[in-house]
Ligand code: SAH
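Listed next as structure tokens is one chain, alone, in the form predicted on its own.
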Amino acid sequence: MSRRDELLAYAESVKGFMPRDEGLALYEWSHAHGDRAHRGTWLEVGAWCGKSAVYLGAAAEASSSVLYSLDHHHGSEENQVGWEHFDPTLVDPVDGRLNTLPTWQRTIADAQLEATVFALVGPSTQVAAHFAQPLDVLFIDGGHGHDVAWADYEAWVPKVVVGGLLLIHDVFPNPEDGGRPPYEIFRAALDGGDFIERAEQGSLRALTRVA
């Protein structure tokens, strides 16, 4: 089995909310971009337990790029006690808070991606304020509340280089299918004229910066 096939098979076993078809699209689109722009700097907002980091990391490794995987690792609102996506196995027994970082670290170690995928742990906007490196690939899949999603968009999207790839997850044009903020930031990227849409798979969208 090839290294690619090993990583894509492993990604399916990792805890997360990325459907298989969207995960494979995440890999294929970022891999194609990496083929054109080797040794790039990539970043994902929203890491959870590392599922998307394996898909992206597989593509980054193939192009000698690096992926920064950013999360505060305490979960979004819907991951907390009493909500739909609460997972008691991820609760830190010391302080009672969700803590996905140990699981993320084990995921990346087991995938043997520690030379390619690096954790950034902290609040998105504070990290962005001190992150000066231009981005060749940006994947936004953090909190889906209005304020959080727009803060991620405003903090990170300006760092994408011309020709760079912007990926946004959970984009639902129909309000009955899901929350609006990811769709709203997707529309903002298009309507602002700086990006054009390249592809879609399920709720995943790919855009390229043109200006």
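The numbering used is simple: start at 1 and walk along the sequence shown. Nothing here was measured: the structure is a model prediction, and the numbers come from that model.
The same protein also has a form predicted together with S-adenosyl-L-homocysteine, omitted here; what follows describes it.
Visitor: Of W42, Y153, F186, W48, which residue is found within 4.5 angstroms of S-adenosyl-L-homocysteine in the predicted complex when only non-hydrogen atoms are counted?
Guide: Filtering the options by heavy-atom distance leaves W48.
Visitor: Taking the partner as it appears in the predicted complex, which of 160-168, 140-148, 59-67, 29-37 has residues with heavy atoms within 4.5 Å of S-adenosyl-L-homocysteine?
Guide: Every other range fails; the passing one is 140-148.
Visitor: Does at least one non-hydrogen atom of R97 fall within 4.5 angstroms of S-adenosyl-L-homocysteine in the predicted complex?
Guide: Although S-adenosyl-L-homocysteine is absent here, R97 would stay clear of it in the predicted complex, with no heavy atoms inside 4.5 Å.
Visitor: Is D71 a contact residue for S-adenosyl-L-homocysteine in the predicted complex, using a 4.5 Å heavy atom cut-off?
Guide: Yes, D71 is a contact residue.
Visitor: Check P134 for me: does it contact S-adenosyl-L-homocysteine in the predicted complex (non-hydrogen atoms, 4.5 angstroms)?
Guide: Heavy-atom contact with S-adenosyl-L-homocysteine at 4.5 Å: absent for P134.
Visitor: Taking the shortest heavy atom distance, is P102 within 4.5 Å of S-adenosyl-L-homocysteine in the predicted complex?
Guide: No, P102 stays farther than 4.5 Å from S-adenosyl-L-homocysteine in the predicted complex.
Visitor: Quick one: which residues from 114-135 get a non-hydrogen atom within 4.5 Å of S-adenosyl-L-homocysteine in the predicted complex?
Guide: Residues within 4.5 Å: G122, P123, S124.
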